[in-house]
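Next up: just one chain, as structure tokens, the form predicted alone.
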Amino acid sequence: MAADGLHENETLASLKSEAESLKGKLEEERAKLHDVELHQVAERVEALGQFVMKTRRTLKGHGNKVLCMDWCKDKRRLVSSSQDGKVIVWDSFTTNKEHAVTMPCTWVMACAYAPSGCAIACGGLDNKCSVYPLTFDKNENMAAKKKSVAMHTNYLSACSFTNSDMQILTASGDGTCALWDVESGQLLQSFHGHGADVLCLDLAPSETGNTFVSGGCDKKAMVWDMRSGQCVQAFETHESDINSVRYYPSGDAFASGSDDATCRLYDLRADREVAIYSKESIIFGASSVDFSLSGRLLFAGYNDYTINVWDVLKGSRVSILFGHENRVSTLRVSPDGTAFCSGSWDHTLRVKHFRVTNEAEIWVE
């Protein structure tokens, strides 16, 4: 028996050694394609102008840390979730609360708007993803129409509807992602490969997109095929937890934000990291990232209460946005690209509007 155990250990050791060797060869092949840096290619591109910021709306109503938010496709409404156990649907124009749901648990860590705008999904420490239909009757008891769709064995960290209201993707602290049928609650596909908690996910922007990217506590960003359940690409260059991932508008790349105080850009066609957005003065982790509609700007929320705006092509920081009084936990650009909303541990959400002037200056109002 002891000999059998020794043999198994030797086999395991040889397999680990082989895996490391193959990893090394893969990195060598990637390095051969690394002929030029992104900022070198972008040297001839005109620099961005001055960035001016003013918060247009402040949404107050949560009694604790805001943990997640998502825009409705109508570009006006948004949903937010909080540590107070509440999920609120807001009118970002008037700051009115249109719907409010009290969840059976605190730390509602994930929320998402359905593409039709007729439902929201949310979940957290209850390990579930629940879907609530929205109606025009504000006095209706939404909890009575709640539908429990997904069930994980640990907390729900992120959720996102696919291109229809009928399917939803979830990520969890149990180390997996999953695709569910909303109507039946049936598990359609599970995605195994992360070695620790999965903290974030983002669906590819294409209408026919069958891929999504996830990031987690194992420092890995993984791209998945939703049909096969297989990981098709993996990137492991961060030095700490990946808190946020977001596809570039074209779908050919994605950005990530990490506790290692950097944001990174990965090109899926080149199969490698092409840019790092960092400064020596930035020592706090990045909690959330999102692109402007053109893809030229990358907004990143940090644990030092600020939002840094990066020039994606040149790799330089073009502005720092202040206003929050605690950690910025979530950040999303609106579907039409004219505004972005940030949520914070200071219990508020702030909506900022921006436009490009003829002088090539970018104004955030």
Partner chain sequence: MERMVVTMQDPDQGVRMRSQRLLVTVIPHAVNGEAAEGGGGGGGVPAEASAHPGVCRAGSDIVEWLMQKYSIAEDEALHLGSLLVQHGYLYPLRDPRRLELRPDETPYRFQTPYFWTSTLWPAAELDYAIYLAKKNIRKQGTLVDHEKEHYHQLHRKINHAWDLVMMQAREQLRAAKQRRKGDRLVIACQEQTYWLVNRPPPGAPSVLEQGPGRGPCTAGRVPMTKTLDFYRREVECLRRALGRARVKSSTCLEAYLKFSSQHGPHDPIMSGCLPSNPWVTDDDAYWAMNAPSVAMPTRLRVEQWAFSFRELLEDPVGRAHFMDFLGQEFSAENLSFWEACEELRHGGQAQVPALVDAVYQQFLAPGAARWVNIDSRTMEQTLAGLTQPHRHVLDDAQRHIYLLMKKDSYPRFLKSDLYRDLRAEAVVPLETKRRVFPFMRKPRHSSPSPALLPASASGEPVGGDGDGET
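Positions refer to the first chain, counted from 1. The structure displayed is predicted, hence computed values, not measured ones.
The same protein has a further form, the form predicted in complex with its partner chain, not shown here; the description that follows concerns it.
Contact flag, His353 vs its partner chain in the predicted complex, heavy atom cut 4.5 Å: Contact check for His353: yes, within 4.5 Å of its partner chain in the predicted complex.
Contact with its partner chain in the predicted complex for Asn163, defined as at least one heavy atom pair within 4.5 Å: yes or no? Residue-level check for Asn163: yes, a contact with its partner chain.
Please determine whether Cys200 contacts its partner chain in the predicted complex, using a 4.5 Å cut-off between heavy atoms. Looking in the predicted complex, residue contacts with its partner chain do not include Cys200, since no heavy atom lies within 4.5 Å.
Do Gly337 and its partner chain come within 4.5 Å of each other in the predicted complex, heavy atoms counted? Heavy-atom contact with its partner chain at 4.5 Å: present for Gly337.
Three-residue site Gly61, Ala100 and Thr262 fully in contact with its partner chain in the predicted complex at 4.5 Å by heavy atom: No residue of the spot touches its partner chain in the predicted complex.
Heavy atom contacts to its partner chain in the predicted complex at 4.5 Å, residues of 103-132 in sequence order: Trp107, Met109, Pro115, Ser116, Gly117, Cys118, Leu125 sit within 4.5 Å of the partner.
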